[in-house]
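Just one chain is shown here, as structure tokens, and it is the form predicted alone.
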């Protein structure tokens, strides 16, 4: 199936913005009936005010310990970001995930259990420098209620919608999608991340079947 991916440039989205109003101004004029509107998870989170200054976080003993075992490329190698996740998901869950994942890695040679068990925020949080300025000075948590967000987009604009966490390394995760979205197709298209991961400022992508 041939699909056209159309990145949509927007203003810098901030916590003061209503996401639906930004869509109405920047993306809605280009939308057609059978399009899919894909929204980057970070801008959803920013519009919801899911931002924390690291100096407002005091990492506890577990965050300081566990963060030392996280690969340095991951946001959770920062005890501040890890503590923010623990505050969201609960310390017992995070510690349990760490213990189980350590055992499964040593005994079964299996990777990825920590992020699977520690809760959604563990995989979604962005540490400082992980987001476009000026939000690169903040820890950005994953969005709240993504299913409600895509439902609201479909109700208002009459197109299927999805929220995706994608990067330039070819890894993508769908946080939420309306029923008419072909998820396999969406992941295939976003393997090349048509929105980009730098300062393109194109947090919306319209998918259109040719």
Partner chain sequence: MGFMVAVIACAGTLSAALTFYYLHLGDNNILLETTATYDLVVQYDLPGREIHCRCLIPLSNKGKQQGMVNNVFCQPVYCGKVMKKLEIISHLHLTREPSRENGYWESLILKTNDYFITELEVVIRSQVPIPSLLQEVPRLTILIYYQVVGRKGIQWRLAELPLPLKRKIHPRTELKKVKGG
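Positions refer to the first chain, counted from 1. Not measured: the values here are computed from a predicted model.
One more form of this protein exists, namely the form predicted in complex with the partner chain; it is left out here, but the text below deals with it.
Heavy atoms within 4.5 Å of the partner chain in the predicted complex map, among the stretches 64 to 72, 173 to 181, 151 to 159, 33 to 41, onto 64 to 72 alone.
Of the heavy atoms in residue 116, none are within 4.5 Å of the partner chain in the predicted complex. Contact annotation for residue 95: none of its heavy atoms lies within 4.5 Å of the partner chain in the predicted complex. A residue is said to contact a partner when one of its heavy atoms sits within 4.5 Å of a partner heavy atom; residue 137 meets this definition for the partner chain in the predicted complex. Taking the partner from the other structure, the partner chain in the predicted complex has a heavy atom within 4.5 Å of a heavy atom of residue 77. Contacts between 89 to 108 and the partner chain, taken as any heavy atom within 4.5 Å in the predicted complex, involve no residue at all.
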